[in-house]
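Here we start with a single chain on its own, the form predicted alone, put down as structure tokens.
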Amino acid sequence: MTAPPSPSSRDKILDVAEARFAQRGYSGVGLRELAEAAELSKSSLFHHFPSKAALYCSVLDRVLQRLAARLAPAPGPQTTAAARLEILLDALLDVLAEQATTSRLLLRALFEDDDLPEEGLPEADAMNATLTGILAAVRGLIEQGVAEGSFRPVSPAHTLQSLIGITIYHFASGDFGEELLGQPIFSAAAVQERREEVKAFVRHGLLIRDA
């Protein structure tokens, strides 16, 4: 049996950085620490990423790319917006439940933007393009549901905010969330329970009955 290929130096850096940034945030992690954890020299790290901001944005883009890849497969156009939204929520909850770093990084990124010197940073442009594509796809789905009469006439922007809150925050809530639930957030039972709760919440709050 052939052994899987070893990760590249770039992938090793991204793996280590994802774990550290998720745990302590952008400001709490140093490049020397990351290089040592990846068992590389600092010059090797700079060979792949010219700055900490470039590395952080690359980590976020990789996380968002994973998310986009899971949300991308969509049923044919004959499927209702309500059915497509449930499929999307299942995929989103699956990917958030697979790695604790995903939700923590995404939540941190919402309030760490001010620390990033993004001007002229290609990695930031790539990250923002990936994020914009994801948000536009979900917003378009909400708008479709309103237009076809299966969703209440809601604000797409506010609904998008609500969906982010009930999915990403939950898996990033750590000890606080586990104390509220009375069980580990990432256990199979808790993930399944969360899936049912989120979809029931959306059905009752968004869908028009018998639509």
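Predicted, not measured: the structure shown is a model, and the values here were computed from it. When you see a residue number, it is the position in the sequence shown, counting from 1.
Form predicted together with the DNA: not shown, discussed below.
None of the heavy atoms of R152 is located within 4.5 Å of the DNA in the model of the complex. Interface membership of S44, defined by any non-hydrogen atom within 4.5 Å of the DNA in the model of the complex, is confirmed.
The closest heavy atom approach of A68 to the DNA in the model of the complex falls outside 4.5 Å. The shortest heavy atom separation between G30 and the DNA in the model of the complex is within 4.5 Å. Picking from 141-149, 59-67, 46-54, 154-162 the stretch near the DNA in the model of the complex, with a 4.5 Å limit on heavy atoms, gives 46-54.
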